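Encoded as structure tokens, the following chain is the form predicted alone, with no partner shown.
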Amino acid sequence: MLMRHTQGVANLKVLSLPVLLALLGPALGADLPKCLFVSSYHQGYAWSDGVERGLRQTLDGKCRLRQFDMDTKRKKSPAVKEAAALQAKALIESWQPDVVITADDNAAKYLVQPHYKEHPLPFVFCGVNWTAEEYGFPYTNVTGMIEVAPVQAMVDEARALVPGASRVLYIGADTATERKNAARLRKAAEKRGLAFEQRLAPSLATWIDAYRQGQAFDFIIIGSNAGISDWDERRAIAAIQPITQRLTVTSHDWMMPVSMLGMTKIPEEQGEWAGQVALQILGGAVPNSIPVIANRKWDLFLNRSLIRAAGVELPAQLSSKGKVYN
């Protein structure tokens, strides 16, 4: 394309660089490969927004990026999820992207597995929780990054901070993802001899009630609120401040307003890695030549307001290395 425009550029030498870029930009952009991003959830959900940021920063200027949001965190019925997947499939067929990047489980379950197994179109997934075995990944046309929380490290840290701990409560939203997370945490807790119980809340009121029940346990693991339709952060904080006595830990950065200690996954890592792999595939790499891997990074956060409210004392080493959540 640049060779074909050489004469035209020579004739425009008197024009400024911005004008030249304005004239050539559309033509150059049309030559870029097409990348479609299918998010399982919606914009405004903290995890999805982080994945999107990482992906866009990686692919900016390297491909034409379109996004389709399945919105299946707020719309939960299987029929709605299947319908959203069919909409994404229709977009794929009409726009014909060169590579598709998907985020989180529902895109894998409802779009990739039933419609694109061993298909000529390459896919890169990210954000699939814990394992991709249930979807049969990898395929010849599919690779990706699974999302693993540092659950054993989090349980071990909490257990070390509460000497003699024997009982732990998990509180999350009443969703398939949270049931999957709770099952992993149960294994991590029972591996350390801890009795594990869970409360999965469909509403803010039931979440607050579960938190109140959690004060009878040695520590509480805070799961995600995504799926609690009436969640209100200010109401949640106001409700728990007066009753907080037990250590609370989480692996979700957006749950730090209601947690004392966070060992949190970094969603941007998922988006950045998926974008880099998409570029490798556009450069000629075969998807199944790129191994499926797990995320490797997390942050450590401290919520000093809740720590003070509960009268919990943290070791100086932990206090000094944790990022302060404001």
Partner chain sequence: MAVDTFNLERHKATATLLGVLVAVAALALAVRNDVRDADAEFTAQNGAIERLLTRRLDNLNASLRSLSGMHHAMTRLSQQELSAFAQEIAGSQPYVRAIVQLRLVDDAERGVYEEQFRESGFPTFGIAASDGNGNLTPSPRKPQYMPLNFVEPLNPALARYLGLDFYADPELKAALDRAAHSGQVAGAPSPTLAKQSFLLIKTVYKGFFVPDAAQERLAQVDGAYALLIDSSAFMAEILNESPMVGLRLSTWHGPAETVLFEKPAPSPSGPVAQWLPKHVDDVEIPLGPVRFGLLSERELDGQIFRPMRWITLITTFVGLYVAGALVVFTRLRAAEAASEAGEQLFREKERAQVTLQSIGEAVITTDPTGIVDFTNPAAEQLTGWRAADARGHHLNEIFSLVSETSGKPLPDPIARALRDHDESEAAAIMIRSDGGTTAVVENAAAIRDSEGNFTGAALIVRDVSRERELLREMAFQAAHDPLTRLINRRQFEREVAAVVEDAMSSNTCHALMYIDLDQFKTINDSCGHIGGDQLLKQVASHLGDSIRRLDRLARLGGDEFGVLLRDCSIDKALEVAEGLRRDVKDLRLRWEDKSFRVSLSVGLVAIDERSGSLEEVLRAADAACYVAKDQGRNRVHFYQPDDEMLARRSSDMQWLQLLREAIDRERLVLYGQTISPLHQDSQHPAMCELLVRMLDAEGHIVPPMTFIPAAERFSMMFDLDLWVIGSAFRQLSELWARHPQDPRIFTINLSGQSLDHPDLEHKIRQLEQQYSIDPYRICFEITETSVIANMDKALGLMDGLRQRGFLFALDDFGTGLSSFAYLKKLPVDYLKIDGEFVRDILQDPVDRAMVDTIQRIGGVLRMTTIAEAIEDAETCQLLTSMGIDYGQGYYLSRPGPLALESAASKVVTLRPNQSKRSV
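Residue numbers count along the first chain shown, from 1. Everything quoted here is computed from the prediction, not taken from an experiment.
Keep in mind the form predicted together with its partner chain is missing from the figure; the text below concerns it.
The stretch that touches its partner chain in the predicted complex, counting heavy atoms within 4.5 Å, is 273 to 281, out of 40 to 48, 273 to 281, 66 to 74, 253 to 261. Checked against its partner chain in the predicted complex, the residues K89, R235, K187, K117 give one hit for a heavy atom within 4.5 Å, which is K187. Of the listed positions (I240, A226, I146, A165), a single one reaches within 4.5 angstroms of its partner chain by any non-hydrogen atom in the predicted complex, namely I146. At the 4.5 Å threshold, heavy atoms of L32 stay clear of its partner chain in the predicted complex, well away from it.
Contact check for P97: no non-hydrogen atom falls within 4.5 Å of its partner chain in the predicted complex. In the predicted complex, no heavy atom of F301 sits within 4.5 Å of its partner chain. Its partner chain is not drawn, but in the predicted complex it has a heavy atom within 4.5 Å of P291.
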